[in-house]
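First come two forms of one protein chain, each written alone as structure tokens, so that there is a structure 1 and a structure 2.
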Structure 1
Amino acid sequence: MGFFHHKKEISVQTIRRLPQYLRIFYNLHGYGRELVSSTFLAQETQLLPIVIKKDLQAVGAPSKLRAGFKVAGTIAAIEKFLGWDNLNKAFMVGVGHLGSALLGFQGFKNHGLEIVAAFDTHPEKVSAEVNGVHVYHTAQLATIIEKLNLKIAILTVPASAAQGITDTLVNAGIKAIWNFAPVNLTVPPDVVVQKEDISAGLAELCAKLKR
């Protein structure tokens, strides 16, 4: 499998399935397994073996003829494709209940995201440390973004403040925003926004429960 494929050709569905594979491969690696078949992966994921094969081949996962995929090599291939082999430095805007909870979540590091700064306007929060992360005043956003060369923003501010902050972030050169605020953000076409709609997820859960 040469690296002749381009990331653009890989579907969003494939990209969304990769972390699921990675979890299974991490577990297998922990048990010392060196090879794993797509049939085994199909049982673990409830996906069709052909889908799994296509997904893993698309990211250049090394396999052995009829023996399956090499565990260590596949981990490296997926991590490289997702950019998780080099920690992406992110920062958080809004250190309320949700923001503080996310700052305490160690799982980000396993997925290649390191939160190196946080911002808030609350006098009690500014200059303090929350879960080991320094909190700056929101007025310093542009300065700190440039100083630390940051690229990814996590937005956990109230809906009313979200668009104003987003404009500041875009002007400061931010290209990726993970939005936890319950509002649709307006950004230029070259800025990626991933919206985490907690209320929509909750509504879906309750609807499923009723059925």
Structure 2
Amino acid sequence: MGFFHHKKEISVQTIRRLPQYLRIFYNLHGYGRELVSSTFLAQETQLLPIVIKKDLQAVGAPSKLRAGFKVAGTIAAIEKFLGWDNLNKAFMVGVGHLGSALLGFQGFKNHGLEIVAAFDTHPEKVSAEVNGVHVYHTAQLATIIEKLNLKIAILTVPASAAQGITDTLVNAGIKAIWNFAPVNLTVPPDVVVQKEDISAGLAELCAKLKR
């Protein structure tokens, strides 16, 4: 007994900084750089070296003693930690302004996400292609989720529709929902929801501005 291996919990803030590191490491790798120090990264990110050091240590990034972190190895470590080393099939529900914009974002493949379907209720959108992704009618959600083996839902529908669609998703076995609707979704405990609220950032900006 006493041998529970408590892999030290990684903080949310650290997790949220990882993509930023990843972008920089991709660049460095492109330039053929093999090692990079936390002080260098600190300049790029405007964070403190110690923060970066601890973040990278937390995900097990390999380093050469007293010389810096190994670029290729760190990329692998971060990608593995986030599960971005292989692609999850994702789909979008709601192809409005925001949905279309996200579909147009080419970077998701670097983020472990492959968007393979979209859903909407508007007749003029259904059956069309938006940025190369086919749009199905929302009524087909359950069917297509199973047929295409979809895993992650991106929810960009109006607030009023969000909970109803969420219930459908949960029944269809979806375990991860990235929620852009301004609502708090109610889901079973085994379903993970990540809520994005763009006005939170605006509030932060305005508060800083008033100071």
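Residue numbering: sequential along structure 1, first residue numbered 1. Since this is a predicted model, take the numbers as computed values, not measurements. Think of the rigid core as the biggest set of C-alphas that the two forms share within 1.5 Å after superposition.
*Quick one: identify the form predicted in complex with another copy of the chain, either 1 or 2.*
It is structure 2; that copy is the form predicted in complex with another copy of the chain.
*After fitting the rigid core, is the C-alpha of Leu202 off by 2 Å or more between the two structures?*
Yes, Leu202 moves 2 Å or more.
*Using a rigid core alignment, state whether the CA of Ala42 is displaced by 2 Å or more between the two structures.*
Shift of 2 Å or more: yes.
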